[in-house]
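The chain that follows stands alone, in the form predicted alone, written as C-alpha cells.
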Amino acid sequence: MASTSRGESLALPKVQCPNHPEALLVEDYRAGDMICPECGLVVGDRVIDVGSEWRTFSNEKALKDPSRVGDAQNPLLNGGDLTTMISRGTGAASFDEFGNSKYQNRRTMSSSDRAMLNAFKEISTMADRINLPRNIVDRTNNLFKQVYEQKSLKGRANDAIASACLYIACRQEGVPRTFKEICAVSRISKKEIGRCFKLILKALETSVDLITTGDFMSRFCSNLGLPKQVQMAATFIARKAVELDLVPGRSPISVAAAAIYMASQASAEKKTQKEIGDIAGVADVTIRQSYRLIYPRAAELFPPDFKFDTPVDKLPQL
C-alpha cells in the first residue's frame, strides 16, 4: 500500500472525472449527483445540500416562515451551532400527571456561545453602517473568537473588543478606517478602542501595516466629489511632502486632508477646510497646521502636468 504523508492524509479527497480530470463538474441539486459535462459520467452521488430546506404550501405562503431548519452552520461557535431546542408543548400529551413538561432541553446555548453570538451581531451591524464587505466581517469574527478564547482581555467590554477587532481587520485587509469612523458606528470611546487595539496586537502576537496618506485619499476625494485630476494631485502632494520630510510627526490623515485642501484650492473644484474636515474626521486647525508646513514649498509638490486654475503664488497662506 502506498504510504501518504500526514498532510496528504488530512487533505479532503478531490472528486473528479477519471477520464477528464480538469473538467468542472456540474451538480444536479435535485438528484444529488456530480456529473462530468464532457462525458456525462456520474462521478459522485448523494451529495448533501447544506442550504436551507424550504417547505411552502399555497395556503401558508404569507403566514409562516417556509424554512423548516435553523440558521446555517456557524464554525465559529462550539458544536457548529447545531444544537436542538424543543419548544414548550401545548397539548395534554406534552405533560405528565403532575403538570411537568415531558420533553425538556438537556442543554441550552452556553454563555460563551451566547456572548460570541451577540458580538458577531454587533460586528455585522457596525460593518453595515460603514458599508464594509463580508470578508472583513469574517476576519473580524475570527479575530474576536481568538481573543475571547484566550481570555487575555478579561475585564474589557465585548463591544470594545469587537470594535478594536473591526479596526484591525480593516487595516489587515488594506481598507483602513480611522478610529473616529469606528467610534461613530459603535458605542465605545476612541480611547477605549485604542487600548483594546494595543492589547489585542500583543495578545495575538500579530501586527498591522503602517497607514499611509494613500490609504485614505481615494475615499476622501470620492466623498468630497472631487475629480480624478484633483485626487491624483492630492496623492502626489502628500507623497512628495512625506518624501521631503515636510510633515514630521503629523498623522497621515491630517497630511492627506491638507494635501486635498491645497490641490482643491489650485483647481476649479475648491473645498473649504470645514468640508474636508467633516469627511476626514479632523479639526480645521489640524488641517491648517499641516497646510502651513507644506505651503512654503508648494511649487515643488504639484505634479508637472497639473492644470492650475489658481497659480501657486495665489494659494491661501492661512
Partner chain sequence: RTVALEDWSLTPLNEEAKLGARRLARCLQKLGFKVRFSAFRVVNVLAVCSMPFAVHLVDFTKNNRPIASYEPELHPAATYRIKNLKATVQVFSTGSLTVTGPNVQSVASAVEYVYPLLYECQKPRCK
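Residue numbers count along the first chain shown, from 1. This structure is a prediction, so every number in the text was calculated from the model and none was measured.
Form predicted together with the partner chain: not shown, discussed below.
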| item | value |
| --- | --- |
| Sole residue of Glu173, Asp138, Asp128, Asp209 within 4.5 Å of the partner chain in the model of the complex, by heavy atom | Asp209 |
| Partner-contacting position among Leu244, Leu204, Ala157, Leu117 - heavy atom within 4.5 Å of the partner chain in the model of the complex | Leu244 |
| Heavy atom contact within 4.5 Å of the partner chain in the model of the complex, the stretch among 143 to 151, 175 to 183, 118 to 126, 225 to 233 | 175 to 183 |
| Proximity of Phe220 to the partner chain in the model of the complex, heavy atoms at 4.5 Å | no |
| Contact of Lys190 with the partner chain in the model of the complex (heavy atom, 4.5 Å) | yes |
| 4.5 angstroms heavy atom contact with the partner chain in the model of the complex for Gly249 | yes |
| Touches the partner chain in the model of the complex: Ile253 (any heavy atom, 4.5 Å) | yes |
| Partner contacts for 193 to 208, taking the partner chain in the model of the complex and a 4.5 Å heavy atom cut-off | Gly194, Phe197, Lys198, Ser207, Val208 |
